[in-house]
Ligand code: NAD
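Heads up, the chain below is alone and in the form predicted alone; it's given as structure tokens.
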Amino acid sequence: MVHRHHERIHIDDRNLCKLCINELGDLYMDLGLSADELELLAMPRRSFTFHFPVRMDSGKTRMFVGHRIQYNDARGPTKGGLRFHPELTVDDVRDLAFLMVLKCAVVNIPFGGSKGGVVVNPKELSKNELEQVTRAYIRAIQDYIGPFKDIPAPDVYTDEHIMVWILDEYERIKGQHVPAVVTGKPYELQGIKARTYSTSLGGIYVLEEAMKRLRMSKARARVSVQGFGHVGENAARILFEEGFKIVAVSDSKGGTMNSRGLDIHKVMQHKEKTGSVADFKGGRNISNAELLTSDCDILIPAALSDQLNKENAGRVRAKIVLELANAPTTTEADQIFSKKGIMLVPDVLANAGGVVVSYFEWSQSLTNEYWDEEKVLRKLKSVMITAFHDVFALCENRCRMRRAAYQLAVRRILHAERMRGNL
């Protein structure tokens, strides 16, 4: 239906957000989208692909490819990460920018969505070369970013050090202090408390609300976490410290499981020494695939996309799936979970804590304030709980929260467009 509709309105396929069409396909009839509304949602507002030179340590000049897509700014300046990756494509950037639009709308913060990056393997660059690539990228897009235009943030293979280079280069160009041009900064340069674990904690606030709906007890809940990187490790640590029983964790090299519960602090120490959670003495080794279908009440995919699919979704035993990774569940798996009565909390809600705290950082940078950690956490909890209830209110009977979250986001975006006279 959507495909025929798409053909009828002749959307330019070169600029089409295919993820948008796929994700909104199920909602097309529910929301009664017009051709104008679908076309507005399916195409980014501004797309940049550019080439810029960088002098390498060898003295030779190398050309790099950069992308930045500002998908929609009806609700506020665009906001989105900057990633450095050798296989980055403009299609990747477009899809990620679209998801950022939805995420910001779901948690109701006044941002649109964007994404950007450089096609490069940062592991092959020296620290100086990495800095020069970052600064050259910012010089190339200087006129199109800013506190009230588009605000970059850390993403894959970028961190607070790279955000400092962005801040410094932009301020050199503008000749003034502009701390709100970027988020993810170190605390000493008007960064914000709790940023490093905000994505994980925001997801846990949402998880606790979901557990209340299902009348699940924290003391009895068994949790499996796929992905023991930054987000997954923090989620496991916080849950463990709050009294949850973590029965399995994994990383790219393998996993460990103990049905009586893992001591996450010891698991973290083991990974720091060995580079992996595998071979932890307090558990038995399992694969990533085994973890997904392990005997648990709460499953947290916090690693790669498409991990839960039609092949394994039927064997998932959890009552709640909390998506801390981006797009870890395929559409087919989502449908299977719905039939089984498994509550799936979608990524656009579950992992939005990071962008919420980025919004707080932007706000405090605009006013030259420093917020204490208690204030940040109090406001984060309020936003995430409100967003959960906003989404859940749209569910019917057996709740499909992804569909409800998309409905909520699309309605908010289109309302802003109508208020501006664009529809």
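Position 1 is the first residue in the sequence shown; the rest follow in order. Computed from a predicted structure; not experimentally measured.
We do not show the form predicted in complex with the ligand, though everything after this point is about it.
- Shown without its partner, this chain lists Thr331, Asn108, Asn288, Gln142 as candidates; in the predicted bound form, only Asn288 has a non-hydrogen atom within 4.5 angstroms of the ligand.
- Between the ligand and the residues Thr183, Gln226, Asn72, Thr256, the one pair within 4.5 Å by heavy atoms in the predicted bound form involves Gln226.
- In the predicted bound form, at least one heavy atom of Ala302 sits within 4.5 Å of the ligand.
- Residue contact with the ligand in the predicted bound form: Thr199 places a heavy atom within 4.5 Å of it.
- Although the partner is absent here, Leu324 sits close enough that one of its heavy atoms falls within 4.5 Å of the ligand in the predicted bound form.
- When the ligand is considered in the predicted bound form, Lys79 lies well away from it, no heavy atom lying within 4.5 Å.
- Note on the interface: of 247 to 255, 165 to 173, 334 to 342, 308 to 316, the segment with non-hydrogen atoms within 4.5 angstroms of the ligand in the predicted bound form is 247 to 255.
- Contacts between 91 to 126 and the ligand, taken as any heavy atom within 4.5 Å in the predicted bound form, involve only Lys103.
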